[in-house]
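Shown next as C-alpha cells: one chain only, the form predicted alone.
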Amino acid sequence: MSFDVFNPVRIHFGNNATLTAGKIAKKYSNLAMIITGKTSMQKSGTLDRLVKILKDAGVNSIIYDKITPNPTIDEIDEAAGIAREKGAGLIIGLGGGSPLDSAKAIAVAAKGNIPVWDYLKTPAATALPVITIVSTSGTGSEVNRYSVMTNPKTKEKPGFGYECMYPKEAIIDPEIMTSMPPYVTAATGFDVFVHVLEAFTGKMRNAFSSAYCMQAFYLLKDNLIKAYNEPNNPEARGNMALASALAGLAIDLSGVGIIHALEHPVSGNYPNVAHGAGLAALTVESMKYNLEACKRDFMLIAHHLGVKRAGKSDDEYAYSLIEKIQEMLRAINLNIRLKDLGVEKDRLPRMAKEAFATMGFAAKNNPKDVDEKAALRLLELSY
C-alpha cells in the first residue's frame, strides 16, 4: 500500500462565513473577478452582497456571469481573456459546481497564452489564486483541484486538475444554501452520495479518503432527504454542506468510477441534463454491476446508512444497499432513467466510447474491470 495525501485548501465553515470574503480576498489582490452563473446568485442577492463585502474591504470586482450548468471552453476562454485584459489578481468562484469548476480553469487559462482545452495535454504550473464560495451541497469542487468543461463542438466533457488549481481558500456558508430549490438540492445531494460511493470502493481508495467517506455517509443518512423536504432546516443544510466538502476531499485523493465516466458523456451530449440527475439514472445498474467486487464495502455502507441486517446473508445485506439507494431516489424524486432525461437510444454506443475517451481514468478506477462493451450494456440497462 502506498499513496500521497495533499490538500492545501483553507476551509472557512459556518453560517454567515461569506462575511469574511473581503478580508480573505484582500490578502491576494485588490481586483477580483467573480465567476458565477446567470441567475441564482443574482436572484438570491448573494452576488450583490459579495460585491459590497469586497468593496468594503478595498477589493474591486469584475463580474463574469455567463457560466452555464455544463460550462463550455468558450465561456472559460472568454472569461480568462477578460481577466488578463483587466489585470485581475484573484478569481472568486461563486455558486454551485459549474462556477467553481470554471473559476479554477479560468485561473489557469488567465495565466497562460493557450486555449484552456490545450491544458488537457499541457500541464499547468501556475494559476491565479482562487477563492471558492459554494452555494450548493454537491460537487465538492470548493475543496479540490478538479475542473470539468465541455467542448460544444465535439460534445466531450473531460475533467482535469493540476496542483496549481487548488483553491487557496474555500468559504462554506450554509446560510446561502437555503435558496436552493428542491430539484437542485436533490441533484447536487445525490452527487455527494456518488462521490463517496466511488471514492470508497475505487481501486485508488486509501485510509484517508475512506475516513472522509465514512463521515460523509453518516451525514447523508439523515440529512439529504431532510434538506430536500425542509429547505430552511439549518442543521440539514449545514450537514449536507459538510458531507459535500468531505466528498470533495475524498475524490481528490481517490477519484471516481464508472458512474461518473458514463455520466459525463450524457451531460456532454445533452447540456440541459443536470449532472446529478444523470448520475441518478446510472447509479443503480452500475451498483449491480459492481456488487460482487464490492460486497464487503456495500455491507459497511449499508450499516452507515442505517440499514438493519436482521438476519440477512452477506449477499442479501450487500444488495440491501442498492434497495436503500432506490428508496432514497424515490424520496427525492430522482428515480429516473436515461430516457426520462431526453437521451436518444441511438446515441448510447457513441457515449460508451466517449466514457473512455474523456473519462478513461475514472473507468480504470472502477472496482470491477469495465470495457466499452460493458459500458454500453450499463447504458442500455439504465435506459
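Residues carry their position along the shown sequence, with the first being 1. Since we're looking at a predicted model, the values are computed, not measured.
One more form of this protein, predicted in complex with a small molecule, exists but is not displayed; see below.
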Exercise. Which of these stretches, 182-190, 224-232, 208-216, 297-305, has heavy atoms within 4.5 Å of the small molecule in the model of the complex?
Worked result: 182-190
Exercise. Are all three of 97, 101 and 139 close to the small molecule in the model of the complex, meaning a heavy atom of each within 4.5 Å?
Worked result: yes
Exercise. Though only this chain appears here, would residue 349 touch the small molecule in the model of the complex if you measure heavy atom gaps against 4.5 Å?
Worked result: no
For this session: Answer with yes or no whether residue 194 is in contact with the small molecule in the model of the complex, where contact means some heavy atom within 4.5 Å.
Result: no
For this session: Spell out, yes or no, whether the shortest heavy atom distance between residue 71 and the small molecule in the model of the complex is within 4.5 Å.
Result: yes
Exercise. Heavy atom to heavy atom, is residue 116 within 4.5 Å of the small molecule in the model of the complex?
Worked result: no
For this session: Quick one: from 38, 324, 49, 337, grab the residue that has a heavy atom within 4.5 Å of the small molecule in the model of the complex.
Result: 38
Exercise. Among 90, 261, 177, 127, which has at least one heavy atom within 4.5 Å of the small molecule in the model of the complex?
Worked result: 177
